[in-house]
Structure formats: structure tokens, C-alpha cells
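Coming up is one lone chain in C-alpha cells, specifically the form predicted alone.
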């Protein structure tokens, strides 16, 4: 039987950051079900390639977390200027679409610019309070053209959820909102490069994104790999671990998906269980490809068109050449479902066809390595049910002095640095 002051469920970045802040100050155990740290911020090696679970990039904006991350990587990091693009109407144009329409056909360009200006001139293009549904919000803010040619088809493909029910609390800072002059210049003049939260990013020189989790875990005395928590009783301070037994704790930090955590918590009230059961998410399958003879400088591209099964495809080898053998490139291609299983064989055929259609591959024979990775809980769905459920769940957690943090523990759309920040803040609250 194990006893600890603090039990942390999940050894991803949020859990590892909390542990780092607790190190030497409070006794803790991180229960990580996998046999390696990092959660989804991990890297898998196959055939000389290093594949991440999708494009996991570091967008650093806060001094304390930036210092922690860069110190942990100890020089194993590059700062990179973003080269992201959109493929639509058989043409490439720079990201973000709404401010870089130059690559689009003249008719599409005119429709998008005139639609944006018409919407802007109504004087009702403010960001809103997040409760507005996406389908209405994008037409109000960007106009009919930009919505029809990018915002609606791309987000329908990504979220796999009706855009008439998807709310917009997630949009800031993830959806850039240009000024009229930026839309006009991006269509008929110069490229707009400074929009969006990810104009620059950091990425490890060696080891893939998993290098960060490995660095944070290196001096974590309480990290226990291969421990899967199956049930929790917060009142009694006991967590039961598969094939291991009970862990007794005084305080608890959860970083696992919030709906799963509540479901396995024995003393959660019925109202809290019902609230958690209303939470929804999509599933993302990532096809990683190693290929020869690829000549492409971009980092990633967005694909709103129905002819492509994927919503995004990136070249991880353009983050770091150390991810691949000499002469090779590596792709990550993301396909979303509402939770249904994906037919991997037919999806792979369609992906290769799509990569050839947009020019990222010339021949299927270029592919020399493949690896499918699945993210069962990928993007949490922002809807009315989420807005109603979270206050119920969070009020109960607060009453139990339990914290649920990170992208999935807090049930939100966020980025890696924010998970690190939440881990540090959770530890600080425990030490007050």
C-alpha cells in the first residue's frame, strides 16, 4: 500500500509541471498509465523516424513557464517562424485564410472581401460572449464568403459536430480576427504574417516533442509509470490502481479527461455524474508517414475541401531534420471522427490520394514508413451542455479541495504551455 500527500493522475505536461513545483516540498505520486511520460506530448520511434501525436508545438508567451520549458530542454530547442498555408480551390494561400486571400481565384477573393466588408459595416462584428453558435458567429464576423469557403467547411471537418450547436467560447485566441485593411491588403497586396497566436513557435532540435516530457520527468522522484487508476474515492482519500492496489492520498490533482475522471469517482454525487455524462469530444486519428524525395518548406496546411479526408497535414521534418533518416521527410495527417472507428486501410488510400492532389507527394512509392496514432479524446466540444455542466462539476471539485487541470482535466481547448502553467498553479495552491 502506498501513501502520499498528493496524488497526481496523469503524467502529461500538466502533471509533470505540478510535480516539478512540488519536488522537495511535498510528497507526491504521479500515476501514469503508459510506460513513458508525456501523455499525448510524446514521441514514438519507428523505422528510424520519430513521430509525434500530431503537430505538438510550443507557443511560449509567459515568462515563468517559458523559462521552465527552455531550461528543461537545456539548449535542445529551436525558435521557428511559422509557414502555414491553406489549400482551397486547387490553390495554396498563406494562413490565416481571412487575411491572406491572395492565392484564391478572383471570384472567390471578391466574394470573401465584399462579404467581410459588408459584415464589418454593420458594426456588429465584436467577438461576443462565447455563447453564440459558430455558424452564426462566423457569418456575423467574417461575412458569407470567408465563412462559405473556409470557416464553415474546415470547422465542420475538424469538430465533427453541428456548427449550429457549437458555441464560440473557444475562438479567442485561436481564430485571428483581422481589420478591414488587413483583409484587403492580404487579398490584393502584401502577405499578412503577424496574425494568430502561433506566428512563431519552439520545437526540440532532437527527440521530438517527447524530449520535453522526458526532460521534465528526469528528476521527478514520484513518477510511477504503468499505474492506471481505475477508481477514486475522494472522501476516503483512496485511489485503486489496476494490478497494483490502493494509493492513499490527502490531496488530489487530476489531469485525465474530466468525464472519465468523474465517471470513476465513487463518491461523486448523481448530479455531478449526470453533468459529466453530457460532455462531448471528438476523436482524431493521425497517420504519420515517412517519405523520400519530398521538396516542401511549409510547416503545415489546412484543408477545408470535401475532396480531402483530412483537415490538416504537416511536415514535422521541417520542425527538425533530426526526426528522420537522411534524405527523408515525415508527415503527420489528421482525420477527425465524432467517435466512430476509422477504416484505416481506406483512409490511408484516401490520404495518399489527397497528398498527391495538392502536390505534397508525387507518388505513393515515396512512402517508406507508416504509423497510425489515435487520440480518443482530442478536441472537447463547446456547446450549451458543456457550459451548463462545468459549473456543477467544478463546484463539487472545489468543495472536495480537488483540482482538475490541463486541456482535458479542465475540459477546454488549450496549448501545451498553458498545461504547464496550470500544473505550476495547481501546485502553488496546494502549498498555501
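Residue numbers count along the first chain shown, from 1. Because the structure is predicted, anything quoted here is derived from the model rather than measured.
What follows is about the form predicted in complex with a small molecule, which we do not show.
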If we define contact as a non-hydrogen atom of the residue within 4.5 angstroms of the partner, is residue 386 a contact of the small molecule in the model of the complex? no
Although the small molecule is absent from this view, report whether residue 411 comes within 4.5 Å of it in the model of the complex, heavy atoms only. no
Although the partner isn't part of this model, could you tell me whether residue 54 comes within 4.5 Å of the small molecule in the model of the complex, counting any heavy atom of the residue? yes
Taking heavy atoms and a 4.5 Å cut-off, does residue 34 contact the small molecule in the model of the complex? yes
In the model of the complex, do 41, 59 and 378 all put a heavy atom within 4.5 Å of the small molecule? yes
In terms of non-hydrogen atoms within 4.5 angstroms, which of the given stretches 24 to 32, 44 to 52, 393 to 401, 364 to 372 touches the small molecule in the model of the complex? 24 to 32
To verify the annotation, which of these, 228, 199, 296, 233, has a non-hydrogen atom within 4.5 Å of the small molecule in the model of the complex? 228
Go through 347, 110, 177, 264 and name the one with a heavy atom inside 4.5 Å of the small molecule in the model of the complex. 264
